[in-house]
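One chain follows as structure tokens, the form predicted on its own.
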């Protein structure tokens, strides 16, 4: 199995090597940025992006120093662009990889009225999702994706 565009084989099945991992927003030789597009996430947290390392690497410290810097510069640009475009209450940035041990960073715009705020998006909801707020946010995402493409070019 090969990471999309990487030419590097992974040892075990990996969904981030076998597929894009979401709606492709931008791609560079080392990484790609996708917007999470699974129905469950989109229904509550539509402003959720991932920066995914193109080759199969499990841990951030597996990268050489120059690649770690390039990775974090890209994560910072995603965060900065999302903050500028959406003006969220908070941005969550996380690299967990417990379920999918392939280096990827979550960048999630959080709002005081989202279903889980102030808890993590993976915690129990604090309130029902506001469908009107979610829909209003969803209508803005293609513009944010375009701003990300320009910022990451």
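Positions refer to the first chain, counted from 1. Since this is a predicted model, take the numbers as computed values, not measurements.
Not on display, but discussed next: the form predicted in complex with another copy of the chain.
Undergrad: Does residue 29 reach another copy of the chain in the predicted complex, with heavy atoms at most 4.5 Å apart?
TA: Heavy-atom contact with another copy of the chain at 4.5 Å: absent for residue 29.
Undergrad: Against another copy of the chain in the predicted complex, would residue 99 count as a contact residue? Criterion: heavy atoms within 4.5 Å.
TA: Judged by the heavy-atom cut-off of 4.5 Å, residue 99 is in contact with another copy of the chain in the predicted complex.
Undergrad: With the partner left out here, check for me: in the predicted complex, does some heavy atom of residue 68 sit within 4.5 Å of another copy of the chain?
TA: Yes, contact at 4.5 Å.
Undergrad: Determine whether any heavy atom of residue 113 comes within 4.5 Å of a heavy atom of another copy of the chain in the predicted complex, and answer yes or no.
TA: Residue 113: no contact with another copy of the chain in the predicted complex.
Undergrad: Which of 55, 92, 44, 85 has a heavy atom within 4.5 Å of another copy of the chain in the predicted complex?
TA: Result of the distance check: 92.
Undergrad: Go through 53-74 residue by residue and record those having a heavy atom within 4.5 Å of another copy of the chain in the predicted complex; state none if no residue qualifies.
TA: Counting only heavy atoms within 4.5 Å of another copy of the chain in the predicted complex, the contacting residues of 53-74 are 58, 59, 60, 61, 62, 65, 68, 69, 72, 73.
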